[in-house]
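Form predicted on its own, single chain, as structure tokens, below.
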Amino acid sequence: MSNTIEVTETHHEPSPNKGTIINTIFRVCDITGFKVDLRAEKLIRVNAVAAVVSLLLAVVAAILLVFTRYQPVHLLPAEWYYRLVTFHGLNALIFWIIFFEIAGLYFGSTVILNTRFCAPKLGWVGFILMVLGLVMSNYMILIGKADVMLTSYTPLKAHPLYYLGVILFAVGALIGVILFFGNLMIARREKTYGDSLPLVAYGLMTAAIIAVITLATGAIIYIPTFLWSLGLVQNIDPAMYKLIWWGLGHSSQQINVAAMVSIWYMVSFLAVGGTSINERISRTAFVLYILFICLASAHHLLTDPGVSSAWKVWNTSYAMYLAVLASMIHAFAVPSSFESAQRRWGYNKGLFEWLSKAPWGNPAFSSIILAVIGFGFIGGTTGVIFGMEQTNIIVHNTIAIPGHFKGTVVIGTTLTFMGITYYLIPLIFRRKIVGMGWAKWQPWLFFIGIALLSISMIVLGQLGVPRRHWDATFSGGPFTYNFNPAVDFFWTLMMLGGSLAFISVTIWIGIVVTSVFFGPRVNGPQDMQLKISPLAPPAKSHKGFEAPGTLVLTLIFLLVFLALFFLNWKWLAATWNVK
């Protein structure tokens, strides 16, 4: 690569014989100063490309589903609607996100830590298994052999190759996670970082720990289900299946949360030289994720007889709030890191000059800010409200629940991952971003589109529109139901939001593909379109709060949350006719 320094370092490692000499080739990045293991760089690239392909498959299915649920068009027949629900769920919630996270884990455990990759050949084995699993599962879905939805609840049965594909993908991902820990061990042994892991790597370690728990749970349930589909196991108890599967299904989204928040901290550092104003508290919040965030899967089991009422109440109330506390800490820590840095750069006028003078022309920065807003105000508020037993019993099988997903996994995780690519393309692929003008607008279009889609689905769910039904009008059925006339307006708003989001994703994929394969080469710091900020200068002595603007914004969020919480209980009382 041009204008980079290639160095060869020799590591002596013990062996059963005399001692082997391993030559590891690095390049020293002339932009960041980091040593980049070229073998790790290739694995980061291929996993990132596979992630983009998975997202493309997911969004093509998504726009078809939007125009099927939109009753005036009602595009697909019932058979293909359920088929594409399965296809969209697997590619959007599993393949796209985990491929990207594996790329992130490799980046965080080698590049950020200036260390070598522990076992690159095993990394390629993991990648091949993941690609093979993606192809097998998607093929079986599209030929009609796996119309079982993402959850694939028994006694619904798919073709054995569908389950095998999921297992192979999970094994490949687990290999990637294990290699991440191997890289951390090398970095620690060779003392490539200070006394403690950088906060970004610490957050990614949290995601990796949750991933081990999640993937192990998936193996526990998918392996016997695979044997059942082959006829080697006579029966899979549906209640047992559902209980264990949600240890995979919901917990996998908590990997996303930890990875997403880690990237928020990283972009704060890259864009304005910001760091957490209390790193110890931020690390504690990540630990709370490991201990408590997986418990949120309890709300999928509220009508199941396999677990006690006490367990259901505890996990959908008190235990859940400990995970919410972690997200609240990050929700304050990330914006305050931006504000503190901006104030140290001199933007001190009033409460919000630091925000008005922020680098809004940087699409990575705007993506992160919009992701924080969407994740908090849409995904976070509805997550707490819908996660409670009383409300979840009512809304769980309405379209409000996937509306909540759009606020968390799509505005939060997907927009965050989109944003960080604007740094990764020049740093890892060594290409300039083609279409920077489009890139500056893309996060805003995506945010507006998904926000309209998400809010519309949440309102439709509150008005009783079902979650999984192909035809919300129940035409031709023995019973009919007349929805509130407002439903028609929100169906249209949902369609418009989904269309805008689809256009935005198409723009992003076009920018990424064009840049990676055809973009001009990055020959040095002068070619960086998004400047990497130096660390903000030390804070001067001051009185009062270090981040008063963030404190005000946090109070606004809490007021909005309290208002929604009150309206929710008012709606609940009206629904149950409590007088």
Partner chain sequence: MEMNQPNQEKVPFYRMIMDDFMLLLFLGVTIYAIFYLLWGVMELSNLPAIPDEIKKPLLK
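Source: prediction; values computed, not measured. Positions refer to the first chain, counted from 1.
Another form, the form predicted together with the partner chain, is not on view; read the next lines as being about it.
Visitor: Hey, in the predicted complex, does residue 283 get a heavy atom within 4.5 angstroms of the partner chain?
Guide: Residue 283: contacts the partner chain in the predicted complex.
Visitor: Residue-level contact is defined here as any heavy atom of the residue lying within 4.5 Å of the partner chain in the predicted complex; does residue 119 satisfy this criterion?
Guide: Close contact is absent here: in the predicted complex, residue 119 is far from the partner chain, nothing within 4.5 Å, heavy atoms only.
Visitor: Might residue 348 be said to contact the partner chain in the predicted complex, defining contact as any heavy atom within 4.5 Å?
Guide: It does not: once the partner chain is placed as it appears in the predicted complex, residue 348 has no heavy atom within 4.5 Å of it.
Visitor: So in the predicted complex, does residue 444 come within 4.5 Å of the partner chain, heavy atom to heavy atom?
Guide: No.
Visitor: Of the residues 142, 232, 436, 307, which one places a heavy atom within 4.5 Å of the partner chain in the predicted complex?
Guide: After the contact test, the surviving option is 307.
Visitor: Under a 4.5 angstroms heavy atom criterion, identify the one residue in 311, 360, 489, 124 near the partner chain in the predicted complex.
Guide: Partner contact (heavy atom, 4.5 Å) among the options: 311.
Visitor: So, a 4.5 angstroms cut-off on heavy atom distances: do all three of 36, 129 and 138 pass it with respect to the partner chain in the predicted complex?
Guide: No, because 36, 129 and 138 lack any heavy atom that approaches the partner chain to within 4.5 Å in the predicted complex.
Visitor: Among 502-510, 421-429, 334-342, 238-246, which stretch has residues whose heavy atoms lie within 4.5 Å of the partner chain in the predicted complex?
Guide: That would be 238-246.
Visitor: Of 281-302, which residues get within 4.5 Å of the partner chain in the predicted complex if you count heavy atoms?
Guide: Counting only heavy atoms within 4.5 Å of the partner chain in the predicted complex, the contacting residues of 281-302 are 283, 284, 287, 290, 291, 294, 295, 297, 298, 301.
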